[in-house]
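Take a look at this one chain, the form predicted on its own, written out in structure tokens.
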Amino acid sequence: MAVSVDERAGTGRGADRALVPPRPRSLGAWWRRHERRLAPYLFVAPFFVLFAVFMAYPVANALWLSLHEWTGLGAMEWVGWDNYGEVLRDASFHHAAANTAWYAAASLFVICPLALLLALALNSRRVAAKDLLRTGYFIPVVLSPVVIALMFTIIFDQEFGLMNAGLRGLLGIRPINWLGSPEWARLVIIIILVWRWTGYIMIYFLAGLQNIPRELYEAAQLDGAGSWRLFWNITLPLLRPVTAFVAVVVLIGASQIFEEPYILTNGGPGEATLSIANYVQREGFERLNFGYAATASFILFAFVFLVTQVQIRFFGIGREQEG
């Protein structure tokens, strides 16, 4: 019997190959094909995982918590935006916000100029022992806030404090109730902030000054520019990015101040030194009103974010790149 060409082709080696199921592709071959496209995502994946676990999820959970009443046990009660209205009407929150504004203003208008002056002095060729001075200015930063608060408690004690002893011996001034008077207690907190953070901010200004080319100063001096014109026309304009960064850092740090008022005065006398961070801690962990505390923290975040945006616009950060 005659066999057609198509039947003969179907019974050959090609037909046997067609009947064998395709071999599964190995994982190594798949990875080699997609390695260049997927490898960058694997390298950055640990950051996003940690960010999601320790930042994004806690923030989202706190926002959800701010819309509820919760004592830490049992079911949460939905209250919507009522917590925000109550916090904004709370007189204690007003006191905390005013005190925090005082701390932020002192940080911006006292610490920053003082740190810049110290950086200018250390950047000068006339100053000797620069490394020793830098270490001395930076030591308060590495000290524990608890140690600092206890140290200043001893210094400003009304009966046995070193400050009152010095004022009594030198000027004959009667002892001042530094930590018992609202005005003096707030001033003590500001003094601690200045003493603790001036050296830290000075490091940023000093780094910025050292990046300014000396040739600019030499050329200006050849044109007859004095020290004031050098500072106003060269130093300040070239320090603008550093100044903007420092202003944002100082504002955020002052808005989050907690240890000094808590250990030194516990927010007192009354609520004279109470900061927003102290207010959040008191509402959350002393009064067990976690929804209220989360609400206050988000209001603080909104305030810091808005003021930071104003600072960025004021210093013109980003306009240079756009131009």
Partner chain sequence: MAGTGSRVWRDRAVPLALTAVLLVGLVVPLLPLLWTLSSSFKPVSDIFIYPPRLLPAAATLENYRRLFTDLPFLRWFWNTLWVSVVSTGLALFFSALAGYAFAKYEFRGKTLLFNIVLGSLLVPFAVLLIPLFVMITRIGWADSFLALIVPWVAPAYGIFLMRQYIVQAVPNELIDAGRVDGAGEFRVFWTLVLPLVRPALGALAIWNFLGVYNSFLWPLVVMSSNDNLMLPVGLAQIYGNYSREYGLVMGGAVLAAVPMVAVFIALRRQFIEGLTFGALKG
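Note that this is a predicted model, so its numbers are computed, not measured. Between two forms, the rigid core is defined as the largest C-alpha subset superposing within 1.5 Å. Positions refer to the first chain, counted from 1.
If you look for the form predicted in complex with the partner chain, you will not find it shown, but the lines that follow are about it.
Scanning 88, 147, 98, 220 against the partner chain in the predicted bound form with a 4.5 Å heavy atom cut-off leaves one residue, 147.
In terms of contact with the partner chain in the predicted bound form, the residue from 236, 212, 110, 139 that brings a heavy atom within 4.5 Å is 139. The shortest heavy atom separation between residue 178 and the partner chain in the predicted bound form exceeds 4.5 Å. Using a 4.5 angstroms threshold between heavy atoms, residue 126 counts as touching the partner chain in the predicted bound form. Contact check for residue 245: a non-hydrogen atom falls within 4.5 Å of the partner chain in the predicted bound form. Residue contact with the partner chain in the predicted bound form: residue 132 places a heavy atom within 4.5 Å of it. Residues with any non-hydrogen atom within 4.5 angstroms of the partner chain in the predicted bound form fall in just one of 165 to 173, 180 to 188, 228 to 236, 100 to 108: 165 to 173. Although the partner chain is not shown here, in the predicted bound form the stretch 58 to 97 places heavy atoms of 58, 59, 61, 62, 65, 70 within 4.5 Å of it, in sequence order. Once the rigid core is used as the reference frame, the Cα position of residue 285 differs between this form and the one not shown by less than 2 Å.
Once the cores line up, the CA of residue 45 ends up 2 angstroms or more apart between this form and the one not shown.
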